[in-house]
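Structure 1 and structure 2 below are two forms of the same protein chain, each written out on its own as structure tokens.
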Structure 1
């Protein structure tokens, strides 16, 4: 192969990559630009928000953040949201992982039935059932408490989580656990030590997805969390919404502050996707 043809091949390769980057570029623009748009919006004055819709703010009004923080009393709500979401994840991740593992890897009587039963949860329409859910929580004395609402959220995240984790467990080769059992582990130990680390990507997807849902949930929180000491962020964000108008710059400031931790968690979780990948690579 001489220099020239090598170059040609290289050139061709680049040319072949052009449509790919056009497509990717399109999607990157429509997904990244809104992030900036939200941050820009949070730094504009009310009139600039409407007059200069798509551009950079002319002056950066950082006081929007300070005002939003005090108006929505976001400090306490921030902590409450962290606690609620943290507690929720601590409940739901082990619960779902265990159930999904049993349903994926162990043959037992009633397996299909349990699985179908859990699956039904994904088909139940939301919205109207907020009130009945509140009724149940009330009967159990879970209203107005952070652990209470975390439990409710956990219950609602079971279907998705089990279904997701099961899809991950099913793909694993049986030889892995057999090896562990021969090494003297019992079933649970082999699950914990061998299987769980291999399915970290699945766990992380639950963290970023179900965690996000909990972080942003408004309706049930507005019913269940009734005193200021337990209120979460989405309830604080409502204080920028009037009957006829919304204070968008301040609300965007609050939303930016609320979204940031989610993006950070996603960035951390993303490393685990790769960790899962390299772990998976050694299995074959």
Structure 2
């Protein structure tokens, strides 16, 4: 192949890739721009926000963050959200991992019925279960309590977590556990030492997806958390929405402060998270 032919092939490859890059660029813009718009909006004055809603701020008002932190009492709500999400993950990760392993590996009567029941739980919208969940939580004394709402969140996340982890366990060769048992491990030890490390990407998907949902959850929190001492960040952000007006710059400042931890966690867990998504796509 001569030099001109090589150039033609090279140009054809570039032209063929142009539509792909345009599509990727479009989705990148519509994904990232709202985040930048929120950050830039948090640095404007209220009057400038309405006069220059899409552009860059003329003066960067970092005091919006200080005012928003004080007005929304975000310090305590930050701690409450961290405690709620952390306690939720401490409950849901071990429960889902063990339950999914039992459904994937242990043969017992009613196993398929239990799994089908959990799958049905994934199909019911959360809003439909709001009032029934609140009624049960009220009778159990879980209302207006951080451990109580974390337990309720964990119960709601069981279906997705078991469905996800079961796919990972089924994809693992049973010979790995058999070899561990031959070496002297019991089933639980082989689960902890062999299975759990190999399914870490699936666990990270739960941490990111379920943890993010819990961090941002508003509807159930608005029903169950009534005292200011136990309210979480989404409830604090709603304090910036008035009956007749909304302070958008301060609300955007609060939203930016609430979003930052999730972005940091995702960046830290990005490698495991992407590995889990690609692995889960090939396992049934």
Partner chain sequence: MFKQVSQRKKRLGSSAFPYVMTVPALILFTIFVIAPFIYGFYTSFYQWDGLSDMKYIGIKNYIYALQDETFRLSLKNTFVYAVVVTIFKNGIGLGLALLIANQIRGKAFCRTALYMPVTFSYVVVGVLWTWIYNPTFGILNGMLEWLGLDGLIQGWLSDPNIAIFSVAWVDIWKWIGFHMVLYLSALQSVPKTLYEAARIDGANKFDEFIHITIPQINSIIVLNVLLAITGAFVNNYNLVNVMTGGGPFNSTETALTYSVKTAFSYRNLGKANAMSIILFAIVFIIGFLQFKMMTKDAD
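C-alpha atoms forming the largest set that superposes within 1.5 Å between two forms make up the rigid core. None of the values given here were measured: they were computed from a predicted structure. Positions refer to the first chain, counted from 1.
Student: Only one of the two shown forms is the form predicted on its own, so please name it by number.
Tutor: Structure 2 is the matching one, since it is the form predicted on its own.
Student: So that I can tell if residue 47 moves, could you say whether its C-alpha shifts by at least 2 Å between structures 1 and 2 after the core superposition?
Tutor: Indeed, residue 47 is displaced by 2 Å or more.
Student: Would you say whether residue 17 is displaced between structures 1 and 2, judging by a C-alpha shift of 2 Å or more on the superposed rigid core?
Tutor: Indeed, residue 17 is displaced by 2 Å or more.
Student: Please check if residue 33 moves between structures 1 and 2, taking a CA shift of 2 Å or more relative to the superposed core as movement.
Tutor: Passes the 2 Å threshold, so yes.
Student: Superposing on the core, what C-alpha displacement does residue 56 show between structures 1 and 2, in angstrom?
Tutor: C-alpha shift for residue 56: 2.5 Å.
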